[in-house]
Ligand code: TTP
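Below you will find one chain, with nothing else, as structure tokens; this is the form predicted on its own, and questions on how it binds or moves follow later.
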């Protein structure tokens, strides 16, 4: 039987910060932006002490501060998190060579051919990660990626959940429909309005009923997902589609020179990203978010893929000139897409290209 393991590091960014600063143990810790809750920014993650106050990822830092003024607010230290990520993934690679790297703090492993019980494999991984990093993780094991991902979210922190065909109804069907991959807040609200609040309520419907309500593609997905059916393979190698950088201003900006200077800096950073991993780009996209939160993009595709800063900067400004600046600007960003390998690198760096926005 196929056995897929999903591992999720516990409150990863906050845990790394606590490792660097042992005096933070037991205190609510919030990581995000510049670490200043009086400035604009969002929560990247927070530890479990902070979550008791209702703080969660993607929440504005100012809101988090109102919920817990005594919390310790820290800036994002991406380099430190990347180092710890490499360490825990080295442990995973020693357990199984079939790994899908899906983020800085999570991954899938195919453990089907390992002659150990799920409990033994999990203990080996947990002990190895604790020795290598001093951090804890939560593991879910199931017949496929869909269920393994759900399982790893059920018992946090430092938990283990094993889903089988025998306990699927018991563990999965009582859960809210939001637990299914691809069901966000709006979809959840729509499903609730139609009488579906749990996964089991979806599983009780026939394929024909769900297709009739949601269309062929999404109806079939809900029918299979609610029954724990997922044949998607582990993707052990992938090529990035884009690289991007953006920044949110502390105060809304209308000064063209400030916007232009910021864009130049973002272009330089994102070019460094693709050069480091031996890519060139064909399409440049500039994003603007106004003070009223209306967000627009303008893009231009060049004749050939390049990594030349002057060419990309010129193209970005051509995109920028197509915006109107009658309103103040809250955010500006740039994305490079249509990436092509230069053929000069070792090929492995491209696998690690992350979109850092």
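Residue numbers count along the first chain shown, from 1. This one's a predicted model, so the numbers in the text were calculated from it and none came from an experiment.
What comes next is about the form predicted in complex with thymidine-5'-triphosphate, which is not displayed.
Peer 1: Given that the partner is absent here, does residue 48 sit within 4.5 Å of thymidine-5'-triphosphate in the predicted bound form, heavy atoms only?
Peer 2: Residue 48 belongs to the contact set for thymidine-5'-triphosphate.
Peer 1: Hey, in the predicted bound form, is residue 156 touching thymidine-5'-triphosphate, heavy atoms inside 4.5 Å?
Peer 2: Residue-level check for residue 156: yes, a contact with thymidine-5'-triphosphate.
Peer 1: May I ask you to state whether residue 273 is within 4.5 Å of thymidine-5'-triphosphate in the predicted bound form, using heavy atom distances?
Peer 2: The answer is no: residue 273 has no heavy atom within 4.5 Å of thymidine-5'-triphosphate.
Peer 1: Quick check on residue 58: any heavy atom within 4.5 Å of thymidine-5'-triphosphate in the predicted bound form?
Peer 2: Yes - in the predicted bound form, heavy atoms of residue 58 and thymidine-5'-triphosphate come within 4.5 Å of each other.
Peer 1: Have a look at 39-47, 62-70, 300-308, 315-323 and name the one stretch with heavy atoms inside 4.5 Å of thymidine-5'-triphosphate in the predicted bound form.
Peer 2: Of the stretches listed, the one contacting the partner is 39-47.
Peer 1: Pick from 230, 84, 100, 105: which has a non-hydrogen atom within 4.5 Å of thymidine-5'-triphosphate in the predicted bound form?
Peer 2: Contact with thymidine-5'-triphosphate in the predicted bound form is made by 105 alone.
Peer 1: Can you list, in sequence order, the residues from 1-40 that come within 4.5 Å of thymidine-5'-triphosphate in the predicted bound form, counting heavy atoms only?
Peer 2: Heavy-atom contacts to thymidine-5'-triphosphate in the predicted bound form: 8, 9, 10, 11, 12, 13.
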